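Have a look below at one chain only, the form predicted alone, in structure tokens format.
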Amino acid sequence: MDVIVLGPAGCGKSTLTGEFGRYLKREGYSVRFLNLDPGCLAAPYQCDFDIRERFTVEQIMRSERLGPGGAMVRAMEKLSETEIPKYSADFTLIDTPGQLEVFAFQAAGPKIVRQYRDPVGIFILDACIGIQDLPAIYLYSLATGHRLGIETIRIVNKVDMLRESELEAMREYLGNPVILKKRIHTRGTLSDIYVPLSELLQRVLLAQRNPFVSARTGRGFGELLDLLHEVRCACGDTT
């Protein structure tokens, strides 16, 4: 199974890739690690393929006289033209750039993903953003999965950094999103946008499980593994 790890900068993609991969190995699975982030300084796992061996953002900045943003866009173009090795492992974990918008919403992102036959995405929701901003990042995850054209599951990471009462409030929202809809006090155009989006989230959130995990401690890895298997079962039921 090819698993593409997605999420905004700082959500814990590389840590999850490394620690979840080690968990899978302890469970008896064969695992390969791919780093597709040409801007990272170090990967917390042993790479089977590392795009930095071909080029880095820093090298592109120097050679093409580009700033960091332009160099990252150029790096994604180069990555989309690179043949990424395919492995026969039980799980191939694919770590993506911290700048999610460059990977997912430039033309290169879908082209890169199409190199894989039937990948599954893991989109990381950072528990530290709090409930108030959870709808926005959840919608971002839906847009990312749609843009890349892949089945995407969502997990809440960094649960070890929150109090149990905070986690319970987040679980309550994910299980009953109408709670947050009642807090929307916008007028005019914003109200016209937020209310329908809130109703959309009510349908989507209740249709999927969202494991609570800690990439640092390994909490929730068993449920995440179960959910990955369920995505590939005949019924495709992830509720």
Ligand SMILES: Nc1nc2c(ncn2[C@@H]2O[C@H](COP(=O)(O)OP(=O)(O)OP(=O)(O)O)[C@@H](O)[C@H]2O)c(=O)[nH]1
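Quick note: we count residues from 1 along the sequence shown, nothing fancier. Computed from a prediction, not measured in an experiment: that's the story for all the values here.
The same protein also has a form predicted in complex with the ligand, omitted here; what follows describes it.
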Close approach of S214 to the ligand in the model of the complex, 4.5 Å, heavy atom: yes
Distance check, R74 to the ligand in the model of the complex, heavy atom within 4.5 Å: no
N157: touches the ligand in the model of the complex, heavy atom cutoff 4.5 angstroms: yes
Distance check, M161 to the ligand in the model of the complex, heavy atom within 4.5 Å: yes
Contact residue in the model of the complex, from P119, G98, G145, P135 (heavy atom within 4.5 Å of the ligand): G98
Contact set, 7 to 24 vs the ligand in the model of the complex - heavy atom within 4.5 angstroms: P8, A9, G10, C11, G12, K13, S14, T15
